[in-house]
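Okay, so here's just one chain, in structure tokens, the form predicted on its own.
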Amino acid sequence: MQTRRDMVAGAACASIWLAGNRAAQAAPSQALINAAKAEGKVVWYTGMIVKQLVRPLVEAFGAKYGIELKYATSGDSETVLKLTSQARARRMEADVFDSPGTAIPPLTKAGLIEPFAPSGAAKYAAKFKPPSRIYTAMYALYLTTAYNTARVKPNEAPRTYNDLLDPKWKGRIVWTDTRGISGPPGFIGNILKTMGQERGMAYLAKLAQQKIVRDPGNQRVVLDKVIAGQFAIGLMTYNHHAVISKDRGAPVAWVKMEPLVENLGVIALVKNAPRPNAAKLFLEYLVSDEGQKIIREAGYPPADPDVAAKDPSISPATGKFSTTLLAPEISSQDSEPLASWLKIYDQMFK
């Protein structure tokens, strides 16, 4: 868990870094650029929002290098199925894929990720670039509680996990039925890591009595239902989604319910990619200042320590909140600790 001391120290280091002589970010070699241009195209499987982020990246990368960036929208389970099928047929079509984490364990196990560390990510924090080099984080997302400001006054909104146990919230809380670290199992894991096993289980038993509604939609759908007034409170919603909606006039606010769950948005190189050089150049572009600024403008908190979030409140260093990182490596439903968290979810919250 990232503590306040960690954040203060990180902010101080960042200030010193920015105040000093900033080192130039490593640029891709001309040899890589030439090889990438010869390949001429990158095929990218993505689960990110097309209009908000994918298209701006496609246009900017193409304009910079003259290389076609062809994307196909694909959720994690679909990406895993596609890549494993292509590998069996020995006809790999994709070059890179992104994921909120859940595609990483099965594709690592299947040997379908090519380890690669973009040189531009050298300055990134260690959590964004594992020693295995199987992925690089583009951004970090933070899951927390949001509420409808037309139905709940700010001074009455829950601020702590214990506040969620107030009887007045019974039947008025919703969360996604996502069976991963970005859903209720991640909430459960955060509670157990924060409170310990005995106290955490006692807390979860009380929370289950609040009759939380399990919605089949994703985090965005859950937040939209809170905004529409169908529910007063949404759990495990992304704080940047609430900021984007609030800026557009929606009656919503997010709560700094600490620690927030930290979930990485990562990208990886496909093993035996048909266009490996163009793929590597695209990964270098994503972690560059230019690529990270596009991510920032889309409202996401960038992984680059020198590119601040568009809204400082959504990032732990500038928003001053603690987090629990649930890394992609633990996102497999058939392995620990996620398997145990899923079991608790199914037993307590059905």
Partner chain sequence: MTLQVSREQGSPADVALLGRKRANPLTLLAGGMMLVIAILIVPPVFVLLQNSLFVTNPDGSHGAITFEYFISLFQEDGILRSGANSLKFAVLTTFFSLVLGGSLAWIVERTDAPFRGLAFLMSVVSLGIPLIIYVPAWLSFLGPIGPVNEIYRALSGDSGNLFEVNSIAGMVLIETLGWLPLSFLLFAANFRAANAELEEAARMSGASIASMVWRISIPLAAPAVFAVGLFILISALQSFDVPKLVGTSANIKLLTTDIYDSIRAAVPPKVGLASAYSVILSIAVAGLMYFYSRVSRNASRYATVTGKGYRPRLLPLGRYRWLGGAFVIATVFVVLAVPLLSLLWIALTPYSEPISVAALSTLTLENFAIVLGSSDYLGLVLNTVVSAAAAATITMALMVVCGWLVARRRRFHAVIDQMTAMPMLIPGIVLSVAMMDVALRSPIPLYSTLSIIVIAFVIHYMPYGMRYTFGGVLQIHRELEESAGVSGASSLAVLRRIVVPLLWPAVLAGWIFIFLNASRDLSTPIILAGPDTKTIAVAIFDQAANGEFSEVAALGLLWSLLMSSVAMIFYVCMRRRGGNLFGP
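Positions refer to the first chain, counted from 1. Here the structure is a predicted model, which is why all the values come from computation and not from measurement.
As for the form predicted together with its partner chain, it is not shown, yet the points below apply to it.
When its partner chain is considered in the model of the complex, only one residue from K293, K64, K320, R55 comes within 4.5 Å through any heavy atom, namely R55. The single contact residue among V50, A27, A60, L325, judged by any heavy atom lying within 4.5 Å of its partner chain in the model of the complex, is V50. Residue contact check for Q197: none of its heavy atoms lie within 4.5 Å of its partner chain in the model of the complex. Proximity of A103 to its partner chain in the model of the complex falls within the 4.5 Å heavy atom cutoff. Mapping the unseen interface onto this chain, Y71 counts among the residues with a heavy atom inside 4.5 Å of its partner chain in the model of the complex. The shortest heavy atom separation between R133 and its partner chain in the model of the complex exceeds 4.5 Å.
None of 134 to 142, 173 to 181, 261 to 269, 121 to 129 except one has non-hydrogen atoms within 4.5 angstroms of its partner chain in the model of the complex; the exception is 173 to 181.
Although the partner is absent from the chain shown here, none of I33, V243 and A278 has a heavy atom within 4.5 Å of its partner chain in the model of the complex. Residues Q333, D334 of 306 to 334 are found to place at least one heavy atom within 4.5 Å of its partner chain in the model of the complex.
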